[in-house]
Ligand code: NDP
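A lone chain, given as C-alpha cells: the form predicted on its own.
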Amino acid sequence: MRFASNVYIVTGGASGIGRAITKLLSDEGALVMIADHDLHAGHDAVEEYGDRVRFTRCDVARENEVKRVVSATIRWGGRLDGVVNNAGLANPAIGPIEKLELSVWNTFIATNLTGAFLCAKHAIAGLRRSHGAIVNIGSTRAVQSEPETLPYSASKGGIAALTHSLAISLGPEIRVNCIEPGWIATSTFAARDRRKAPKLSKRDHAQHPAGRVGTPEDIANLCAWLLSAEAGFVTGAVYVSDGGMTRKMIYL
C-alpha cells in the first residue's frame, strides 16, 4: 500500500492505459479522481474499483472544466499528490496533409497537448504543498511516424518537450516525467460491457524484441514508480516503454 493516503488525478482514466493506472493506484491505497469525457466508462470504473475511485466528466481542453476537477479532487481527498496526464485523441491517422482541416489539427493539439498544460497549471498549488509529481503519457509517435499522422505526432512530441520544461520550471518541489508507450493492446481495460480480448497475431508479437505486444499494466507499473518516492531522483525524463520496437531495424 505504497500510496495509502495519497490523492491523484488521472485524466482519460476511464479506459485503456488510464484505467489501468487508476486500478493500480487505488489497489495500492490511493484515492483516484478519474477525469474523462466518457460518462459510461467513468461510472463503470467507479462501480468496478470501489470507494477509492471517483469520476468527474471533463474535457481537458476546457480550462474551466480542468479547474473544476482539480478543486473537486482536493475537496474530496484533502490534498493532491500527483497528476497523470493521459487523456488524448488516440486515432493518429487523419489523411493527407493537403486535406487536413485546421480545426482537426487544433482539436488534436488542444486535447493532447494543451490539456496536459492546463492540468499542470491548475494542479501546481496543490502539488507544491505535497511535493508531488506529474506523469505525462506521450507516445513513441514523438520519435517515429507513419504517413498522415501529423497532428497526433506533433502533439506527442510537444508532450516530451513540455515535460522537461515543466520539470525545470517546477523543481525541486514537483517532479515531472513522461512515458512514451509503444503498441499497447488496451481492449481489456474498456468498460466491462465493452471489454474483449485483443486480436493479436504471432507476427504482431514478433515485431517486438521483448517478444510481445504491450499491456496497459506495463505502463501503469512504470507510471506508479514515477509517482512514488522510489523515483525521487528522477525528473525531466522521458521513458520509452515499447518492448524495444523503436530500437529494432527493419528492412523491407
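Keep in mind it's a predicted model, so treat the numbers as computed, not measured. Residue positions are given as counts along the sequence shown, with the first one as 1.
Another form exists, predicted together with this ligand; not displayed. Remarks below refer to it.
Between this ligand and the residues Val32, Cys223, Ala35, Ala45, the one pair within 4.5 Å by heavy atoms in the predicted bound form involves Ala35. Checked against this ligand in the predicted bound form, the candidates Ala125, Ala90, Ala72, Ile97 yield a single residue with a heavy atom inside 4.5 Å, and that residue is Ala90. Look at 97-105, 73-81, 166-174, 133-141: in the predicted bound form, residues with non-hydrogen atoms within 4.5 angstroms of this ligand sit in 133-141.
Taking non-hydrogen atoms only, Ser26 never approaches this ligand to within 4.5 angstroms in the predicted bound form. Although the partner is absent here, Gly182 sits close enough that one of its heavy atoms falls within 4.5 Å of this ligand in the predicted bound form. Contact annotation for Gln207: none of its heavy atoms lies within 4.5 Å of this ligand in the predicted bound form. In the predicted bound form, this ligand lies within 4.5 Å of some heavy atom of Thr111.
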